[in-house]
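Before any questions on binding or motion, here is one chain by itself as structure tokens, the form predicted alone.
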Amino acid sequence: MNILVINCGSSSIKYQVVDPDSGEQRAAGKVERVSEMAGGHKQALAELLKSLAQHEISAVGHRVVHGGSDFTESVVIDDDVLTAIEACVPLAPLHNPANLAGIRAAMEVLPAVAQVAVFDTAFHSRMPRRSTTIAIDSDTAKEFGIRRYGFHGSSHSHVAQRAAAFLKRPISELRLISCHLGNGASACAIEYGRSVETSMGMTPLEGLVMGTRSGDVDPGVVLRLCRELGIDETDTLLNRNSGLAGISGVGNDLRDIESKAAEGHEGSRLAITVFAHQLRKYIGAYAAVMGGVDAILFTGGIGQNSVAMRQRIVQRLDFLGVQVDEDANRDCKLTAQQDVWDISGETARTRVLVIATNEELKIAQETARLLAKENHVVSEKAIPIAISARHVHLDRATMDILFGEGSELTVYKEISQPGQYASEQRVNLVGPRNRIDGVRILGPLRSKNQIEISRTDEYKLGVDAPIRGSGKVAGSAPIILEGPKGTINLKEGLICARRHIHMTPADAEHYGVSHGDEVEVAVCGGPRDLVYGDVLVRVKSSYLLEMHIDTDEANAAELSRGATGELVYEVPSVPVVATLRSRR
């Protein structure tokens, strides 16, 4: 399969022909001065396709910078999609118009070929509301679509997956900080495979110092500039005449700035210092957001190529366990055969990796995945759905504190998963705002404390509980537990559990999935049909086939006990989609 990946600018078209399965790049290049051609993007693409005549194009994947709130994943393009992308132009005025021009031209030149839009914002679309909310009047924010979206999603997603493969650890176990550094720059906190924070906001102007963009600016400065210069001049200043170019006075190419700095140019030296300082602040903040970090990733033109900037950025991060081998950093040269380079010191707790980004491959793979959704197989084997109310798992030491030394759980009733039971014992949860009494403990005792609540419980208690898979309690929320014999203030352990399906190996083989896969679950046939995304597949020989959701999720679909469904999964090599037809 050949996917033509197109990244359209106002005056250029970058392209690649990619095999999404092997990752082979079969053609690549850039068409310049598109705006000077009589036929614009359409003529440029027509001429481009003549040069690619030896490649049979199966589909076209388009990079689209801003998808707003409407697009949380890639989509096949039609007239409604074009209208929605156009509505996002005010959010990315430098990018979306050019992206649209490329899409429309490709649809004219290749009318019989499927076109897919892959959004920079999509990877960040499931960030928690605490990360996306801008602290202004809520009604005004809703009216004008003001929230934080994030960008560079394809790059951050790609390098995170490459890091997990290089470290030989599931991405679902890693806390990563991805630094995409180029003329446009952003940082992203990736916790267990998901973007939970990122530096760019409603537009690509927020965050790090960039080539010509200012990054973070006091809103009072913007207001002052608007009064003095006017809105258009202020826009031009912040987007085109700021950042490295504005501070240095040399330009936006870091290579030129570093060269001038070596000659003693004060503006260039200041630009380098400010760039590194701003990113170092973000790295520290994101480590705090995730409760730690396993690896820091450098990518993009600056991240992959500037030895000095990488060294400068990681200075004074030893408190995070960061240590860089200067020889490894200096020798780093990424190639197609070695696209990940470890520059960590031997005793480093936190790895520092330099990774070649490949947004084109990511777009090609996403395009192929989306088009393959039409080819699926329906299994006749039903999956029970279990609704989990709030509950508590305790370790031995905490049980002793709450119920007395040597105390044991007593069985109230068996629950569906073999060997597990609801106990007679209950505890009270005490949060900063409120309390929830009489929460049942599930047995047997575990090696770690884990308290599972819903979002509704979270708001009532006044806590900020992360969404985690079972056992992933490191850096989770604190909570106070009250028992009949004592009280304990846990520093971590409170989570909102991820939606998941328990399967035996035989079940997994039947459905064609593996441990750690993520599926989508559509609940159909009732008054509130919806699709559950990001459902984790967990496989173990002792499990009983069952999907687990919490009470909020069940209420959203008006599910009741006894619901069952059918699993629908895609053709091999593409992610699984599950459709559950519930019995209410």
Ligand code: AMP
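On a predicted model such as this, the values are computed, not experimentally measured, just so you know. Residue indices: 1-based, along the sequence shown.
One more form of this protein exists, namely the form predicted together with the ligand; it is left out here, but the text below deals with it.
* With the partner removed from view, which of 501-509, 396-404, 487-495, 300-308 is the stretch that lies within 4.5 Å of the ligand in the predicted bound form, judged by heavy atom distances? -> Stretch 300-308 is the one.
* Asked: With the ligand left out of view, which of 258, 464, 325, 216 would have a heavy atom within 4.5 Å of it in the predicted bound form?
  -> So the residue touching the ligand in the predicted bound form, by this definition, is 258.
* Asked: Of 443, 483, 182, 207, which one comes within 4.5 Å of the ligand in the predicted bound form, counting heavy atoms only?
  -> In short, 182.
* Asked: Even though the ligand is not shown here, does residue 252 get within 4.5 Å of it in the predicted bound form, heavy atoms only?
  -> Residue-level check for residue 252: yes, a contact with the ligand.
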